[in-house]
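Next up: just one chain, as structure tokens, the form predicted on its own.
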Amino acid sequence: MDLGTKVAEVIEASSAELMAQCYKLDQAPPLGSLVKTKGGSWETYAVVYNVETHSLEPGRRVVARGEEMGTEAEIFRANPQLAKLLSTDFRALVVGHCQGNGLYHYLPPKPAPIYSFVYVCQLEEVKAFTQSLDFLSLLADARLPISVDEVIAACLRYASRAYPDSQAFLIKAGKELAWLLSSDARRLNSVLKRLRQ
């Protein structure tokens, strides 16, 4: 299977999540997208939940530079060093792994290795991974610094693009969420509203 587009390398990893640094500024995969990285004898699958662009130098803030310029592109043309002083990183929640011919919707045996390449999954791989919605329990139970419900909805909207009948996939996902979030009707309703494309 095609590896997809290589966009970053793992710079921090735990059993439950990874942080990756993008090769190009502002070129992170979108919120909710499925990414993968190889490590050992398995591939780790993760859902992007946060993207951040920042200065590479700790304690040094980015300052405004475009007061006299007409476009944002002019800022980078006038200051080519910015591409080397800034970094775009993203964090992704681990939602499964592939080992041998098996695809598993639970955490892999070890974290992704540091410096392993991170690829954006192709649509056919997104479809294969989301045939089972068991990974939604990992997302629903996650404790993240941003709204988990926003990440769930973004992930399902993203995954629906891999299906010829995206609406049927979203209905199936909605039913799975109804079971997972049956004790929290307000939260369920909030996520379902965000599934609209």
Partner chain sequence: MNDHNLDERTRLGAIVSGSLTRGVEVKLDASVSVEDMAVGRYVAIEGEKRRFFGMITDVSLEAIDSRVTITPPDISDPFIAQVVAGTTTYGKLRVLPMLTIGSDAVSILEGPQPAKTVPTHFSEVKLASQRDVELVFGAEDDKRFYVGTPLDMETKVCLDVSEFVKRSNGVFGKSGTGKTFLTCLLLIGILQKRAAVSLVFDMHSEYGWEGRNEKGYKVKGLKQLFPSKVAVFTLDEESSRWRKVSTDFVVKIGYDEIEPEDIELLRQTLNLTEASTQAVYQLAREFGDRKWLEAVLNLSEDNGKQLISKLNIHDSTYRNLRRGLETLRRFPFLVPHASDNSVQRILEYLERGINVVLEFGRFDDFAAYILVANLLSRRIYAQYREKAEKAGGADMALPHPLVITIEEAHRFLNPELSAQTIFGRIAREMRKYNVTLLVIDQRPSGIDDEVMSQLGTKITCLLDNERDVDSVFTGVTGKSELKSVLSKLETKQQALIFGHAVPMPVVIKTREYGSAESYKELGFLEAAELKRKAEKEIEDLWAT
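Numbering follows the first chain given and starts at 1. The model shown is predicted, which means the values in this text are computed figures rather than measured ones.
Keep in mind that the form predicted together with its partner chain is not shown, yet the notes after this line are about it.
In the predicted bound form, its partner chain lies within 4.5 Å of some heavy atom of Q167.
At a distance threshold of 4.5 angstroms between non-hydrogen atoms, W179 is in contact with its partner chain in the predicted bound form.
Although the partner is absent here, A16 sits far enough away that none of its heavy atoms falls within 4.5 Å of its partner chain in the predicted bound form.
Using a 4.5 angstroms limit between non-hydrogen atoms, I171 touches its partner chain in the predicted bound form. Residues are counted as partner-facing when one of their heavy atoms sits within 4.5 Å of its partner chain in the predicted bound form; in 174-194 these are G174, K175, A178, W179, S182, S183, A185, L188, N189, L192, K193, in sequence order.
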